[in-house]
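The data below hold one chain only, encoded as structure tokens and taken in the form predicted alone.
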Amino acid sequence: MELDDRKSTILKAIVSNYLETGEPVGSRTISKMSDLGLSSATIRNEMADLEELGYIVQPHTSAGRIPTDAGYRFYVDRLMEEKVEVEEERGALLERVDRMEVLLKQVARVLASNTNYATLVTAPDYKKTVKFIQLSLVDASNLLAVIVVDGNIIKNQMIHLNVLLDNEDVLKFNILLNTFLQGASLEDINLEMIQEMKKQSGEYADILDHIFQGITEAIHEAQEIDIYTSGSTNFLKYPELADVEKASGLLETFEDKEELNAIIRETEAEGDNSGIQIYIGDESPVQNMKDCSLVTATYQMPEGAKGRIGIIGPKRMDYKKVVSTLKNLTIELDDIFKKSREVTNDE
């Protein structure tokens, strides 16, 4: 619903004040703001209208007002002014690291520290393809398969054999597997390919079944979305989230990878997978987070794979700071990925 300038100004003042203090905001507090130039009586009348429209609510009879989910939404969509960070500050958030896993853990940790909220970061959603497979004899009846997939994700799989192999046999399997599987995704591995591999393995076709099963299990595992989290104890810093029931529900959700995956899937389905999205209160896709706000951003690898970054906090979170931090960080990630690709190409 459209609000006139006066109501918009008062709603902005209420939300801004409540975000800062966490205390209900009264008409006297608003009237003391020198740039408004409105009497307490006028402000009370406007606040009554805003309450009737559903943008604010009075939690106690004698208290001031606090924003409703609709009030926060109007503020975020229409009233919030983006913080402009100094350009020189960009680039100071992250350190250069070589492994994707280490970088994304760092992103989660830095965001939690900078915002005082809980954070989650997903690995890029690569269509995982095999980069390299290395089989090694552990003992007479066990093989270790090391499978490297896109994103330099490494999976180890122990494979038990019921026949004896020597190093020459293992070398032949390594050549066979890499010839057929390098650059292949699970979708590319079909019955025709498997039959041809068995044909070429000759008398060891049955052994290939055991090896192949172990490798496909490892690739399946690599395709699961990795999620890195940090700052779950930050929930306890906010009184509205700190009572035992709410806090335990939030902490349980934050430790449950399936729940976090559900959050990512829901936000991807609802959004356009680009830019920054804000979910307030009941808009949250997870029941235990209805008292929270979730702000998500998408980062993109040069090859096109995307990942998600999420910040979860109370509904009275500092939206301006969160949005600004996420924008700066996604730009910084883009720079890191581009530089890493340039280095790789030069090599």
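Quick note: we count residues from 1 along the sequence shown, nothing fancier. Everything numeric in this text was worked out from a predicted model, so none of it was measured.
Only in words, not in the display: the form predicted together with the DNA, which the text now covers.
Taking the partner from elsewhere, Q300 is found to have every heavy atom lying beyond 4.5 Å of the DNA in the model of the complex. At the 4.5 Å threshold, heavy atoms of K320 stay clear of the DNA in the model of the complex, well away from it.
The closest heavy atom approach of I278 to the DNA in the model of the complex falls outside 4.5 Å.
The closest non-hydrogen atom of K306 lies beyond 4.5 Å of the DNA in the model of the complex. Heavy atoms closer than or equal to 4.5 Å to the DNA in the model of the complex belong, across 11-26, to the residues P24, V25, G26, ordered by sequence position.
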